[in-house]
Every structure is written in structure tokens, then in C-alpha cells.
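A single chain comes next, written as C-alpha cells; it is the form predicted on its own.
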């Protein structure tokens, strides 16, 4: 049991780096995922994950698999798509979700094309699916730095973000903090997608944000508790996924997301808040 669950992390440095990256991604990404779900923006997160690909691909085209070039490119592309989608939605009759879907599909196609022109199939797979086991110290520091920035900004915008998620009209009547908080939140979404891109690739980057939030939804209605449950679910999914990947031939990124999916299925069935089994066999109510 020790050799299977703990041995890989004591014997191999790349496993320790991967676990540290998973913890950093969980601490920062899971709370963002809870707010995305609360604000009914889960699919926006997925769209933005694809939107960062052309910027990262251009960084790859110019500098190869250079961490800072791909990160900067991903940030620029993510912000550009978010701004363009908002401008088109406000200037025309097109809904913002439809505008964003159009831009992210174009971004995904452009990014894949750019990587395919210069790189090999291995490079394309690395960009699309990532490889957390190949993370070096430099990349880990960037992931940890972005996670720290995310937590600090969340502390600052937490109150207006919560109020706007529940009652945006009330927030507009008592404060002007809603707009800046929303923009700061979108920036955090992009930053954490770029963070996840380094470890899980552009196609799975949103996984450790959205899936733990969905798990938490079935275990609590309290926001603070949901955030804590989501962080724990993300970290445990990452740990189990890394162990599964080490012991089998399953790639690390998909293994982590598959473990999170298994936890989500368990939560749907047995969750104390809206789980199917709980609905089928509700507890007895107090009788007078």
C-alpha cells in the first residue's frame, strides 16, 4: 500500500512537482469554478479555455515550448477573445454566449493550425492535453505565483463578487464595485486557465475548475463550505489521478479528470444536497 500510494512521491522528484502543481491549481482554480457555477458561467469557462490556444500556439511558433512565451500568448489571446466577444454582443443583437462560442471555435481552429504547421503530433498533443509529469521548477513557480495572485485578488473582491452573483441589481444600487469585480473575476478566469494549460493542456484546463465545483454543489448549499469541498475534491482528484497515471499507462491529465468524474458521479448519486438516492429515500421529518 505504501509503495502504491506514497512511494512514487518519495522516490521521484517529478511526481512531487506534479503533486505541488495540483495543490496550487486546486487552491486557486476550484474557488473560481464555484463562482463560475454560481454565476451560470460554467460553459464560458470552457470556451475561454479554448480561446487561449492561438496565443499559446503563437508563443510556441516563435519560441518553441518556452514557458513564458506560451503563457504570455495565452493571456493575451484570452483577454482579446473576452473583450471582442463583449464588444460584439453589446454592438449587435447577438447574445454574449453565442458571440463567445464563435470566437472560441475560431481560436481553437487557429491554434491547432499554428501548432500543426511548425510542430509534430507530439507537440500538438502536449499543447492540447498538457503533461503535468513533465513540469519543471520554473513552470511550477509560475503556477504557484498565479495561484497566489488569484487568492489575494479573491480576498479583495470576495464580497462584491458574492453579492453580484446573488443579486446584481442590489449591488448596482448600493455600490459601483460590481463592474470592477466582474472584470477582475474574468481576469482571474483567464489566469487560471493559463495555469491549468501548463499542466493539463488547453482541452482539459477547465477540468479542475468546473468539476470540483459540481461535486461541491451536491454536498452543501453554503458558499464557504462549497469552496472548501471543491478545493479538497480537486486536490484529492489530482493526487489519485497522479497515482493512477503512475501505476497504469493512462496519461496524467486525463487520469486526473477521470477521477474527478468518478467523484462527480458518486456525488450525483449520494450527495446530501439533491443527490438521487437522497431524493428517492428522504429522511423522516420531525412530526408534532
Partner chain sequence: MVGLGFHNVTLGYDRHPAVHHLKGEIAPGALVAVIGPNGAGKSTLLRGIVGILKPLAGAIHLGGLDPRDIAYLPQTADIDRSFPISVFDFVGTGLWRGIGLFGGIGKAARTKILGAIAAVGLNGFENRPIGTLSGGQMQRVLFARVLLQDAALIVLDEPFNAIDGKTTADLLALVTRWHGEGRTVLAALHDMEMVRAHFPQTLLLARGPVAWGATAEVLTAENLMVAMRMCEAFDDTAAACADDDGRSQAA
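Numbering follows the first chain given and starts at 1. Computed from a predicted model, the values in this text were never measured in an experiment.
Although it is not shown, the form predicted in complex with its partner chain is what the next lines describe.
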One residue of 150, 139, 165, 131 in contact with its partner chain, assessed in the predicted complex (non-hydrogen atom, 4.5 angstroms)
165
With a cut-off of 4.5 Å between heavy atoms, is residue 156 one of the residues that contacts its partner chain in the predicted complex?
yes
If we define contact as a non-hydrogen atom of the residue within 4.5 angstroms of the partner, is residue 92 a contact of its partner chain in the predicted complex?
no
Would residue 187 count as touching its partner chain in the predicted complex under a 4.5 Å heavy atom rule?
no
Is residue 117 close to its partner chain in the predicted complex, meaning a heavy atom pair under 4.5 Å apart or at it?
no
Could you tell me which of 77 to 85, 139 to 147, 171 to 179, 100 to 108 sits within 4.5 Å of its partner chain in the predicted complex, going by non-hydrogen atoms?
171 to 179
